[in-house]
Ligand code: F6P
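As a starting point, one isolated chain is supplied in structure tokens, in the form predicted alone.
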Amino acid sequence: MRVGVLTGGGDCPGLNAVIRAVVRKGVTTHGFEFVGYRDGWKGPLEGQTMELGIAQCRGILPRGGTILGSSRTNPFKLDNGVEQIRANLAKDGVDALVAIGGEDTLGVATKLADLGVKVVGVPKTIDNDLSGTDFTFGFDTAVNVATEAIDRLHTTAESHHRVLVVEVMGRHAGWIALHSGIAGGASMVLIPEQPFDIEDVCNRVQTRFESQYAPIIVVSEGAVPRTGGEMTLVSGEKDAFGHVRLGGIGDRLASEIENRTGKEARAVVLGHIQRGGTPTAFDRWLATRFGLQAIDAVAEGDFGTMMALKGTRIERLPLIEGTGELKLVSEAEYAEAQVFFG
């Protein structure tokens, strides 16, 4: 069997570990051949391939990013996109696809599977917002990066008696903010699921200073104020999947806090630092296990499925269960962080 592999969406620590596991077991256990498709769905759409075998996968386990490249190409937004993919898969002699990606990439995989394309999905997102799986690889790395940044910022905040607002990724789900905020001892965590009251934020800032400590506020990029609750955008331009580019809530919040409290406030935007660089041991372990199970699914003809972590077990679910709805922070989980606010 000849198997195509692609990675789509944002780069994410652990992608290379999945590729390595898929190819290693595919070649040594199942005797498969592989084709690497470049830059997400753009690869099979335009016939952009690269050689992919054990030699190409040596040394990539600790590397961030993806050796296959990525993009946010959506073939369903292009004329004859699906037909082009079918034609190129046939031309390349590809019998099945392993698609590694998040909500958008696996959403395309789900539609293609419904149209008869033999595809298996591997879930990926640092936001940890894919339903069906307890965790996605990349999330642990992002949380560790954010936590280290918060740890470092405490000393600067205390030295200068300054409010520091740390903006982290999280368009619709606040998992990174919640986990890193709790782990880093933040005095407040603001997430998309719970619109915030700016008056309450400022009151807690004052309370924090009265206790002789400086506030650290962690905010998801998609967090919104309760009044006039709209996401803060870099621009109104949308990508191929209809997403606007978020950014700026940290600066907006810092400015509002400074104006209302008279306390100096600065914003720190971690941005792409969170999803770049070497993956943690947990993300390497999880990504590897996903890859091993994915290629077994291909070998068994179990197409239209995605891998999922349930407790410590890797299970297979229908693709639609991974992309049908987002996994959001519940009120109970947010309440655990609220104990430490102020």
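All values reported here derive from a predicted model rather than from experimental measurement. Numbering starts at 1 and follows the sequence shown.
What comes next is about the form predicted in complex with the ligand, which does not appear here.
- None of the heavy atoms of A113 is located within 4.5 Å of the ligand in the predicted bound form.
- The closest heavy atom approach of R275 to the ligand in the predicted bound form falls within 4.5 Å.
- With a 4.5 Å cutoff on heavy atoms, D127 counts as touching the ligand in the predicted bound form.
- When contacts are judged by a 4.5 Å heavy atom cut-off, D140 does not count as touching the ligand in the predicted bound form.
- Judged by heavy atoms within 4.5 Å of the ligand in the predicted bound form, the contact stretch among the candidates 254-262, 167-175, 187-195, 144-152 is 167-175.
- Contact with the ligand in the predicted bound form, defined as a heavy atom within 4.5 Å, holds for exactly one of R266, R208, K118, R72, namely R72.
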